[in-house]
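One chain follows as structure tokens, the form predicted alone.
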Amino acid sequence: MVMSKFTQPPSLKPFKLALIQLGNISATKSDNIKHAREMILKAAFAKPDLIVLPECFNSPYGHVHFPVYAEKIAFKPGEPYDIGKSESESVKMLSSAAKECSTWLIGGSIPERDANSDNVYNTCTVYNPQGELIAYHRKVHLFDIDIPGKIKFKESETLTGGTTLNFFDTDFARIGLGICYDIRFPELAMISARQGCQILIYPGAFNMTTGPLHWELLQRGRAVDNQLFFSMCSPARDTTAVYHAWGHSMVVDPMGKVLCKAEEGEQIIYTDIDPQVFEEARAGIPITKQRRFDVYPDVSVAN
């Protein structure tokens, strides 16, 4: 669903969230897809309502890899998607796994080649418990950084940025989407919150430079600023790979409390989302009713 106009969100209900901090990501795509499926089925034993995979789960992480591993998805928001005719083997696996587990699934992200151009995107897809592809998000902000002596990474060398902000509705929450570097741009989270999202979930892959500094800080900041639950799901750290992910997938509540956090290796973590925390945060510190749009603009309103 593209956030174009406000609609009433579903009431936030208790639900169990599972994050898969996926490891053993190799140069062989079919092995990565197979392993991701195995971990989804493993996570499903605890009967979570929503399972999340990390950023770029089907390929090594790196801008040079994205065009090589890219798959055509050809999803059009608001239109039925025929999984059987999909050209994406990753989409087919994710759909099948969601249906088999009867759970909502945020399929991390994969490199996506546009069906009508040569553009490549970093794309997150979402599936309902019937295995239907119902939403997606193309990473809006491309990770172009250069910290001398530490890390240089230029996603824009091979990727194109998305142009829409996206959420999807379940029977237990409205969930906003982002990917990794999107978290550094507070406007995206602000708009999602003001469009009724109660939790934001961003598959991500911070590195060993930015991870220790900002991974937890940014999530807690976005959660507190917008009084909602916030979660990022990372790949496991692999020191034999070119890109070393920080790991530490986590979930933060609307008061900035870390509810659960993984370590560095492959791990599945779970947490129960409690609507009472959400309601008490907004009632006790009512910033949603105290904003001064007579002093500063509302970024969620189009000019």
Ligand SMILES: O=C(O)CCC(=O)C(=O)O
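When you see a residue number, it is the position in the sequence shown, counting from 1. This structure is a prediction, so every number in the text was calculated from the model and none was measured.
Not on display, but discussed next: the form predicted together with this ligand.
- The stretch in contact with this ligand in the model of the complex, judged by heavy atoms within 4.5 Å, is 53-61, chosen from 269-277, 256-264, 32-40, 53-61.
- Put simply, Phe143 is close to this ligand in the model of the complex: some heavy atom of it is within 4.5 Å.
- This ligand in the model of the complex is not approached by Tyr136, whose heavy atoms all lie more than 4.5 angstroms from it.
- The shortest heavy atom separation between Phe206 and this ligand in the model of the complex is within 4.5 Å.
- Although the partner is absent here, Phe230 is not a contact residue: none of its heavy atoms lies within 4.5 angstroms of this ligand in the model of the complex.
- The three marked residues, Tyr181, Arg184 and Tyr243, each reach this ligand in the model of the complex, with a heavy atom inside 4.5 Å.
- Only one of the listed residues (Ser88, Thr158, Gln195, Thr210) places a non-hydrogen atom within 4.5 angstroms of this ligand in the model of the complex, and that residue is Thr210.
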